[in-house]
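This document opens with one chain alone, in structure tokens, the form predicted on its own.
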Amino acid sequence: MVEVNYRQVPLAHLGLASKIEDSLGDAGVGMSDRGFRAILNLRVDLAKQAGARESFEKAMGFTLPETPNTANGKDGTEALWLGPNEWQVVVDDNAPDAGTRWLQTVRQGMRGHFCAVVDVSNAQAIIGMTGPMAREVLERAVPLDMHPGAFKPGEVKQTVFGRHCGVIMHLRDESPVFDLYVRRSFAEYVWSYTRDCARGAQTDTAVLAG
């Protein structure tokens, strides 16, 4: 029996695959649909759960970031600090069962500790953003100071986006390259609102490969 995969990325209906450009060209902002990833929400009080740090590192190969608003990772897997006892673990694995497999890996690694690990892969969308005007355009959408001195590579910030939703913003490098995590149902809103902000900044947007 042939197994059929009915999964669709949150922005599939926009037909972005047919609009992908090789480069930014004259556009000030490049946007991309990052596609599927395994995304887990982890909650654990490291101060009260002796050995939890070591258990996570043994299971995943890197330590959880404990400095607020930072990320840490290794080999396509990373953890984003969301709060004193909360992280978002993201794995560059787009297999249909990726979320389930990595959920089992983390739960198995953290067994014996009082914690919660939940697969939220299908609840999230990831929108990538880059380009020389990315910071200026994003500053029109979020109430944050996007200056390079205020938002530095490796940092993670949670904020309101536009008028209707929240996002998790991860600045991957100084190019800049951003990953925006948003609830699946708001993915099109974030995409369209960003394009509107770009027009307000008198620049164009280009669709890039994820």
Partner chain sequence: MAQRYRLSKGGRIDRDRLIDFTYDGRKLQGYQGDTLASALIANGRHLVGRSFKYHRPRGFLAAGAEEPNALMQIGTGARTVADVKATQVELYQGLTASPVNAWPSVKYDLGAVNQAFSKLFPSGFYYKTFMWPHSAWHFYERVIRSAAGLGKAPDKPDPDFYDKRYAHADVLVAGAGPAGLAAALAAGRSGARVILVDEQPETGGSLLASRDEIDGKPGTSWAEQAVAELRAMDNVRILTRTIAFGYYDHNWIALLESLTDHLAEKPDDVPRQRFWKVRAKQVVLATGAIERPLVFRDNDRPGIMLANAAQSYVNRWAVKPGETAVLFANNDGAYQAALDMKAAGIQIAAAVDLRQDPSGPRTEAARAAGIDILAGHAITETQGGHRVNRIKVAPMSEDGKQLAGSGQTLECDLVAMSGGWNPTVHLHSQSRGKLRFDSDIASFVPDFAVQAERSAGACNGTFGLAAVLAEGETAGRAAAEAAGFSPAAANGHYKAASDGFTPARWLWLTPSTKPVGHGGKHFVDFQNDVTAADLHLALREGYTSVEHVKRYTTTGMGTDQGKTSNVNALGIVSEYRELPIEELGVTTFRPPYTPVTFGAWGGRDVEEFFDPTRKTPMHSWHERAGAAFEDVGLWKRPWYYPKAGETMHDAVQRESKAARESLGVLDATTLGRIDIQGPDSGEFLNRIYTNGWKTLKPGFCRYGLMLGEDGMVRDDGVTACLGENHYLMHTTTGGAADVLAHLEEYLQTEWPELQVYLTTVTEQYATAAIAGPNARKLLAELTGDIDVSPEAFPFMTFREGHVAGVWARVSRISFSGELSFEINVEAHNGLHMWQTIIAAGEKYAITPYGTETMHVLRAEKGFIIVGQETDGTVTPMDLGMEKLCSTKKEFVGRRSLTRPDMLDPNRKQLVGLLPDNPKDILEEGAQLVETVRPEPPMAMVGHVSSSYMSPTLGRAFALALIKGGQHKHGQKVYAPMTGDKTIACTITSPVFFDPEGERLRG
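Residue numbers count along the first chain shown, from 1. Just so you know, these numbers come straight off a predicted model, no measurement behind them.
Although not depicted, the form predicted in complex with its partner chain is the subject of the following passage.
Hey, in the predicted bound form, does N41 get a heavy atom within 4.5 angstroms of its partner chain? Judged by the heavy-atom cut-off of 4.5 Å, N41 is in contact with its partner chain in the predicted bound form.
Consider A141 of the chain shown here, and say whether it contacts its partner chain in the predicted bound form, taking contact as heavy atoms within 4.5 Å. Taking the distances in the predicted bound form, the answer for A141 is yes, it comes within 4.5 Å of its partner chain.
4.5 angstroms heavy atom contact with its partner chain in the predicted bound form for K19: Result no; K19 lies far from its partner chain in the predicted bound form.
Contact test in the predicted bound form: F36 vs its partner chain, heavy atoms, 4.5 Å: Output for F36 is yes: heavy atoms within 4.5 Å of its partner chain.
From the candidate stretches 57-65, 171-179, 24-32, 44-52, select the single one in contact with its partner chain in the predicted bound form, where contact means a heavy atom within 4.5 Å. Of the stretches listed, the one contacting the partner is 44-52.
Does anything in 87-123 come within 4.5 Å of its partner chain in the predicted bound form by heavy atoms, and if so which residues, in order? Read in sequence order, the residues that approach its partner chain (within 4.5 Å, in the predicted bound form) are P96, T100, R107, F114, C115, A116, V117, V118, D119, V120, S121, N122, A123.
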